[in-house]
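The chain below stands alone, shown as structure tokens; this is the form predicted alone.
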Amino acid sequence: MRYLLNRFLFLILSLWAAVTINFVLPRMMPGNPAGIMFAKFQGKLTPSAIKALEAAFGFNHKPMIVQYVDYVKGLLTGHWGLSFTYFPTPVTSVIGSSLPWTLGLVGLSTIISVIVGTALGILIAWRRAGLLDSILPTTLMFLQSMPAFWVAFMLVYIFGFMLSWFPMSHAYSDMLTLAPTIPVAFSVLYHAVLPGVTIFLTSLSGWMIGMRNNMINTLGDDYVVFAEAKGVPAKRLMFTYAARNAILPQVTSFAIALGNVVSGSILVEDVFSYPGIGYQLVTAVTNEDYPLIQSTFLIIAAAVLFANFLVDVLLVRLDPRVRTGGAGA
């Protein structure tokens, strides 16, 4: 319990640090969002409009500590500012419409990659030095070594441009109106194939190699050797004795991966113009949309921090050494 309390306090401190850095950095830059908006409108805004924009964006002439308190209040009440790119749309609306696309695409691709990679890792470790163990790790590591955006470009060129099997961009057909209907659902799945396969191929190797190494180490432990000498059936030995214990590092890595899902696969989403949080971040950086950049980074930081706290909770549950203050702590 003391271990979890310490980790929770660390989580709160880290969140406060992320919020503070997110507040300070834009204010250290020359100018302010209102000035950028003024430049975009090429002097068409009146001085009163500039002051109103400065107040709306939180860049006014109040003392810094007052601005900080207002900023934290805005975060807690859901007032995260206005987006430049989609002005006057609130940042929360932009993120709210983008986040589900990223969670659906990257989240589902990550889950499938973890399941398939873990299963393959168990199989090739059990049959190590076999044909699969000779071919799969090398092939998948070669794919993972390639930049994700390059794999995305290759898939777009081959299956989108040359063969015309799949669409090359967007999340659903422009001919459809986004609504909970069967045609829209099929269109969303159809458009998600290429970006989903890209994420799957570029992440599969890590899960497979990690599980393979864990399994090989576990198969050499005394209790597994003893169980094999007793004549325990191969299937039970592989899953109940070896895989069950070897999978612990995979579980903690999976929790961290779930936190990284929120950040999306930025370059992959940009290649496919997929309207997720990663694509919005690239657009925000291109347009110098500071409120959207701030909010996106803050959401990503919070997701990673909560994922790490989830790992700590899982370790307490799965590793008794953490609860007793042993080596696992």
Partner chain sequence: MSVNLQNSSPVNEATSRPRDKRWNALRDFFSNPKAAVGAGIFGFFVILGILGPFIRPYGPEESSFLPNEAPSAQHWMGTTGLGQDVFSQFLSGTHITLIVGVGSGVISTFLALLIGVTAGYRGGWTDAILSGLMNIFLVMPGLALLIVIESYVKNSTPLLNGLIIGLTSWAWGARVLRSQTMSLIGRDFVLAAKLSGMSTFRIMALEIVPNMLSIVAANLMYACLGGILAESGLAFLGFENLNTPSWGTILYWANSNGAMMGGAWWWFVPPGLAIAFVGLSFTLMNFSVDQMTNPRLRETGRRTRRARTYTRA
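Numbering follows the first chain given and starts at 1. Note that the structure is a prediction, hence the values are computed from the model and not measured.
Quick note: we don't show the form predicted in complex with its partner chain, though the next part is all about it.
The single contact residue among 209, 99, 247, 114, judged by any heavy atom lying within 4.5 Å of its partner chain in the model of the complex, is 209.
Checked against its partner chain in the model of the complex, the candidates 80, 172, 126, 84 yield a single residue with a heavy atom inside 4.5 Å, and that residue is 126. Contact check at 4.5 Å (heavy atoms) against its partner chain in the model of the complex: none of 92, 104 and 233 pass. Heavy atoms of residue 288 reach within 4.5 Å of its partner chain in the model of the complex, making it an interface residue. Contact annotation: residue 310 falls outside 4.5 Å of its partner chain in the model of the complex, judged by heavy atom distances.
Contact check for residue 69: no non-hydrogen atom falls within 4.5 Å of its partner chain in the model of the complex. Although the partner is absent from this view, residue 259 contacts its partner chain in the model of the complex, with a non-hydrogen atom inside 4.5 angstroms. Per the 4.5 Å heavy atom criterion, its partner chain in the model of the complex is contacted by stretch 160-168, the sole one of 160-168, 186-194, 84-92, 104-112.
Of the residues in 141-170, those that come within 4.5 Å of its partner chain in the model of the complex through at least one heavy atom are, in sequence order, 141, 142, 145, 146, 147, 149, 150, 153, 154, 156, 157, 161, 168.
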